[in-house]
Every structure is written in structure tokens, then in C-alpha cells.
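Below you will find one chain, with nothing else, as C-alpha cells; this is the form predicted on its own, and questions on how it binds or moves follow later.
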Amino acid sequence: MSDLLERLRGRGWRMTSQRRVVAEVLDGEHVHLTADEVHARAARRLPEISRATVYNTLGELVSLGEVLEVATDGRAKRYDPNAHHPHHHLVCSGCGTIRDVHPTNDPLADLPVEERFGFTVSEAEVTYRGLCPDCA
């Protein structure tokens, strides 16, 4: 069973066949699918699933904090099930591929106190950009 499915069961989330297939499609380490990609993959497993159901399910998963919504460079939003493991993103400027990366430094520690302007900083989102091997 996937990490996402286990987390959802642990929350007591009602697991309909449609919700289950969306969660199964999102399973994986470097999964960053658009809603349309989730729908296409889900429809292969459950042909009667509607686009609206996929969008609604993704919205619920984001609201629950179980899936991250990732937006880069005005491209379609992507959905990342790796919500409970701190990580950053590496984005290809050519094709838009997104990979999870786990740098060893703490981005909060990298921000000098004088650059915080009195803010109490609680989190940081770092996006690295470049070209993937296929686009380079």
C-alpha cells in the first residue's frame, strides 16, 4: 500500500473507488502530475471517473495537507504526494520536468537575521532551475 493511501486511511478519509484510484495514481517518489495527467491515468484504471471528480479529489487532498500543489513558471499546476517529507524542487526550464531534491543545508539557516526584516520565518520553498539531460 502506498504511503499516501496509508496516511489517508489513518485520517479516516472515506475511500471511494474514485478517491482510491486518484491516490494510487499519485503514488511514487518523484510524481508531479497535472490534474489532466492524473485524470488520464485514473481513467485507464477506472474508465467512468470524471474530470470533475479528479479535480475535486485533488482539491481535498491539498486542503488536507496530504498533497502539495506545485506551480512553476506559469505552467499547469502539478500535484506532489511527497507532502510530509521536507524537500525542494529541481525544475527543467525546457520541458517542465520536476524532481524532488533533498539538499543537506537548511534554507532557513541560510537567511541572515538582517535579511529577515523582523519576520519570524517558519518555512522556505526553494526551486532550482536548469535543463534536464534530455533538454541540455
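We number the residues from 1 along the sequence you see. A quick note: this is a predicted structure, and the numbers were derived from the prediction, not measured.
The form predicted together with the DNA exists for this protein as well; it is not shown, and the discussion that follows is about that form.
Answer yes if any heavy atom of Val121 is within 4.5 Å of a heavy atom of the DNA in the model of the complex; otherwise answer no.
Contact check for Val121: no, nothing within 4.5 Å of the DNA in the model of the complex.
Does the DNA get within 4.5 angstroms of any non-hydrogen atom of Asp110 in the model of the complex?
Although the DNA is absent here, Asp110 would stay clear of it in the model of the complex, with no heavy atoms inside 4.5 Å.
Quick check on Asp36: any heavy atom within 4.5 Å of the DNA in the model of the complex?
Answer yes; at least one heavy atom of Asp36 falls within 4.5 Å of the DNA in the model of the complex.
Is there a non-hydrogen atom of His88 within 4.5 angstroms of a non-hydrogen atom of the DNA in the model of the complex?
Flag for His88 set to no.
What is the one choice in His30, Arg41, Arg75, His84 with a heavy atom within 4.5 Å of the DNA in the model of the complex?
Among His30, Arg41, Arg75, His84, a heavy atom within 4.5 Å of the DNA in the model of the complex occurs only for Arg75.
Kindly confirm or deny that Thr16, Ala52 and Tyr55 each have some heavy atom within 4.5 angstroms of the DNA in the model of the complex.
Yes, all three are in contact.
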